[in-house]
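Subsequent text provides structure tokens for two forms of one protein chain, presented individually as structure 1 and structure 2.
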Structure 1
Amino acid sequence: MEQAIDIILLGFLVVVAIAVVKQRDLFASVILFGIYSLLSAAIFVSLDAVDVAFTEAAVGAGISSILILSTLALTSRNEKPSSHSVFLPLMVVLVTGATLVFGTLDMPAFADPEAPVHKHVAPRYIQDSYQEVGMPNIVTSVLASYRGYDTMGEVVVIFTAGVAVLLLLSSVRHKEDELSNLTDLKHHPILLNVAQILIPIILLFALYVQFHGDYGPGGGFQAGVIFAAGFILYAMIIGIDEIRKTFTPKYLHWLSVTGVVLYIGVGIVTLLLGGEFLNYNVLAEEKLTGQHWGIFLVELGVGITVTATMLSLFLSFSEVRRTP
């Protein structure tokens, strides 16, 4: 039964992917990409990768769709006809695809219990992570403790990408009286009432995801995206000018930096206390207490950076003049 569900979901993915390629309406393509992300999240749930599914749904179907739609509001919803031959891009795709397939030929079979990852890596985390880290959610233990370096790098990448996009957008000339009005829906009573009910729930759920990631699916990445989505929904319904009164660009930029500094600062503190970089054991007398404090702080840094970066990008898109 599970295999049948996986096959059906994969079949839907193929159909949606083909529809995206053939679609010339960019707005419809964005919606299809959102459906693709939701189908991917469903596949991850079927594979018991709930944390990955959570991230895919929040980022792929949620915040990414909003940012792409914001981009379309500045350009056009229709794709311009290509003036170049499709032969060269097709050859690049075929060669790349063949190379990727060739690279997977020596991989272990799907669900093979004798695969190295199931004989060496996974048993180590499953058997020892609770005693060493004290987190019921093994995914949180791996991402925030065992692989703290990798997660720190991901936070820095998000921050750097946000800075790069903001710099690109700042180079686009705009005038106050010609700002693109991405949102102004407060005069629709149904949307306004629904938003007033949903926004507090969204933000409360984001807090739950942020501080309950130790015990269930969630963490700083997912919580940050949900926080940003809640504030963006507020901006879309109530008005961007209203949210700018609370979150000025300068304030959001400082928040983005604060999250990265908090994460790296935890590592520096562990060095000053005589431990290794991002080894949280030295943060308290009890090893597990130190792990809890360290993971709490770095996840908080992740959530702050992701929220501030996503919201900065959305507000920056709203300030750019629409292309004629």
Structure 2
Amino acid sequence: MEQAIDIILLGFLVVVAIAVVKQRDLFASVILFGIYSLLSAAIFVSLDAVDVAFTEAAVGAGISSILILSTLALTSRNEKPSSHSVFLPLMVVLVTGATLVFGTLDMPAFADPEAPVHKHVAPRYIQDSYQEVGMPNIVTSVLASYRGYDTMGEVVVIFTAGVAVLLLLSSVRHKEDELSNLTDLKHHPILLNVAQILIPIILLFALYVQFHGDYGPGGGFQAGVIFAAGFILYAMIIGIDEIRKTFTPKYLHWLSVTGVVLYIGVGIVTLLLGGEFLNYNVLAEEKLTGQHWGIFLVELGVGITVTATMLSLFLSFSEVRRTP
């Protein structure tokens, strides 16, 4: 049964991918990509990667699609037929693909419990993380503690993207007083009523995801994206002006700086307390309490930076002048 579902999902993925190649309407391509992303999320669930599924759905089908759609609104919706020769790209793709298929021939069979990846490194996370870190969600333990430094890098990547977009779009932004409520959908009663009910629930859910990531799927990144999504929904339906007044670009940048500095700051504190960088054990008398505090704080840092940056990205695109 499970295998049948997988095969159907994979079949859909193939169909959607080919449709994107053929599609000339960019708007449709973006929606197809959103579907692709959502289907991938479903496959992630069937492969036991619930945290990944959560993130892929929120990011791929959510934020990425919104960003691309915002760009289309500023550029053009239709793709011109390409006069590129297809021969060279096709050869490159065929050679690359053939190399990959060649590489799979010696791979361990799918889901083989004896594969090397299950025999080295990972067993310690599965067997000992509860004693060493104290979280039921192993993904959170690895993400925030064992490989917490990668996650710090990840926060910096998001921050970098925020900085890059601010730099790029600063010269084409509206002056603050010329902003108009371009995306106002307030006069649609159904949208408005549903949004008014949904938005508080979305924000509440984001808080739950932020602080419950130790026990279930979730964590700072997912929470940040959902939080931002709540505000973006508000901006699109109820009114972008309130959001703009509350979250000025400067304020959002400060907020995203705060998150990054909080994460790195935890590392600096552990250094000062005599441990290695990001060794949370030294944060409290009890090792596990220290781990709890450390993970709580760095996840908070992630949540703050992601919320602020995602919102800032959305607002940056919405404030670009429409005239050339």
Partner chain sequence: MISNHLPVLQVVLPLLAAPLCVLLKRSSLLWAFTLLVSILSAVIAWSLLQQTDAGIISYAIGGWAAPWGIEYRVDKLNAYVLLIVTGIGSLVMLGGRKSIEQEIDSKNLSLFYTAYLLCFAGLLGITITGDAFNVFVFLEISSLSSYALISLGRDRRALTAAYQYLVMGTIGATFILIGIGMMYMITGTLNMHDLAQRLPEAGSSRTMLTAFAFMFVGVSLKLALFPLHLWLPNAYAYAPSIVSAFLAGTATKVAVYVLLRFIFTIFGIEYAFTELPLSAILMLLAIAAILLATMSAIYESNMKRLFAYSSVAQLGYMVLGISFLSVTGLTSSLLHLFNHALMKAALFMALACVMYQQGGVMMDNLKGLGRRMPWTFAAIVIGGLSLVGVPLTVGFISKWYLLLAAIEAGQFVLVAVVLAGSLLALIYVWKLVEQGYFHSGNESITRQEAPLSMLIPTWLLVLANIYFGIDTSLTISVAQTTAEQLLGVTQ
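Rigid core: the largest C-alpha set superposing within 1.5 Å between the two forms. Start at 1 and count along the sequence of structure 1; that gives the residue numbers used here. Since this is a predicted model, take the numbers as computed values, not measurements.
In this pair, the copy labelled structure 1 belongs to the form predicted alone. The two forms, fitted on their core, place the C-alpha of S83 4.5 Å apart, compared between the two structures. Taking the rigid core as reference, the CA displacement of P108 between the two structures comes to 2.9 Å.
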